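One chain is shown next in structure tokens, namely the form predicted alone.
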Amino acid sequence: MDAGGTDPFAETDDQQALRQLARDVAERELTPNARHWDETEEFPQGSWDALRKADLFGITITEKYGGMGMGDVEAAIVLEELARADVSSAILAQLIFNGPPRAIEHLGSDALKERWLPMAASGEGLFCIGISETEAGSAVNHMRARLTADGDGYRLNAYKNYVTGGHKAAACLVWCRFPGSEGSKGIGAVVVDLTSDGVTMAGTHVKMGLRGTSEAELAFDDVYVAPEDVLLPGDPADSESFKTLIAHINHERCGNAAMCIGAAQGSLEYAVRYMNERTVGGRPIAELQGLQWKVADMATQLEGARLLLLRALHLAGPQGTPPALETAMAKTAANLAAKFVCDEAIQLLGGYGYSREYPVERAYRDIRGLCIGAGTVEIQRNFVGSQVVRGKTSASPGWRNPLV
């Protein structure tokens, strides 16, 4: 029976055109060089230049500052298509779409917007975010980064670890404690020009995957922070600024999920092509029922994650923030689906899947890092579980609060 329904997540003509543009750039510029960036651990400058030439950096930045003024849905479309070719290169766009520029646009002063957003929209400079520290990863409220008063401004002393792209960035959004801060109270954020006196790039990490976008260690030694460089001041009497910053990471988590879906989609497509070309006994292995079941499970998990992400994105609206519960569910599902799909793609290719000559093993190594970044799978599960047992509900009309 034909239900006569329509797809609530169907893309508009403009969104389809944006997807095609991103795919064209990815296949033409990213795919041929992805293995090179991975093996050499070089910054993917060619990818950066290609994205800049295609005007893809301005997706989420308002027209006033040279961008397109689009939302999370469009950002996810571009990130998915870029990650389908190379996750390291997609992260360059992620840092602009859902990183410091998004925070500056939503939370910053006019002075911060005028200084940094045109640079982000044009692709003139990369931005990074400094949150993690050696003893404060997922437990952000244990951070030591601190501001001390200096006239009308402050002095920043901090050592930030795993700062994605910090070795190439023009500016860093640094989460830190304002004077009098303890625990989660008084935590806010400032924007630091990385050419400032007292900023040092202490080193980069050698990683399993995402090797084209290194994780830097940044030291801030008595760096002067002017009043106009404060994105969100922390009040030592409450944790409201900290809550605002945490909520804003939902943009990044959705971008993370989109990249996982893109990498998994690329791996699935590659495996299917291989199955149709590889013959055993004169028949393509795509005709083997056991392997078809593998593909069925891969496609089903991937589509489930995609739908959860689309729902979180659409609940955000054109310029809002994706809701926390739906975002956590989407990131968890996308991380786990990508691990499963990429691992199965390796298995379907057999020995070739394990070889660095083929892209599926690189995709697996890349998405493994995304299962840690922007809040680990375990942290997402902690949040989802704690909300559900308290009777908090998803926005789904079919969800009934068991405590009511």
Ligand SMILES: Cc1cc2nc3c(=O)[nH]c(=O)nc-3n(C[C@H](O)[C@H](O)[C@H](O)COP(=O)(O)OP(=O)(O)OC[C@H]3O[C@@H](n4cnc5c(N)ncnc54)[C@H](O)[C@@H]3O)c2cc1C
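All residue numbers are counted from 1 along the displayed sequence. These numbers come from a predicted model, not from an experiment.
We do not show the form predicted in complex with the ligand, though everything after this point is about it.
For this session: Pick the stretch from 288-296, 221-229, 131-139, 191-199 whose residues have a heavy atom within 4.5 Å of the ligand in the model of the complex.
Result: Heavy atoms within 4.5 Å of the ligand in the model of the complex occur in 131-139.
Problem set entry | Proximity to the ligand in the model of the complex, single hit among D49, E39, E378, E27 (heavy atom within 4.5 Å) | Exactly one residue meets the criterion: E378.
For this session: Go through N250, S88, T164, S241 and name the one with a heavy atom inside 4.5 Å of the ligand in the model of the complex.
Result: Of the listed residues, the single hit is T164.
Exercise. The ligand in the model of the complex: within 4.5 Å of a heavy atom of each of L210, E215 and N382?
Worked result: Contact check passed for all of L210, E215 and N382.
For this session: State yes or no: in the model of the complex, is some non-hydrogen atom of L349 no more than 4.5 angstroms from a non-hydrogen atom of the ligand?
Result: Contact with the ligand, no.
Exercise. Is G66 a contact residue for the ligand in the model of the complex, using a 4.5 Å heavy atom cut-off?
Worked result: So G66 does not count as contacting the ligand.
Problem set entry | G369: touches the ligand in the model of the complex, heavy atom cutoff 4.5 angstroms | Answer yes; at least one heavy atom of G369 falls within 4.5 Å of the ligand in the model of the complex.
For this session: Report yes if any heavy atom of I59 sits within 4.5 Å of a heavy atom of the ligand in the model of the complex; otherwise report no.
Result: Because no heavy atom of I59 falls inside 4.5 Å of the ligand in the model of the complex, the answer is no.
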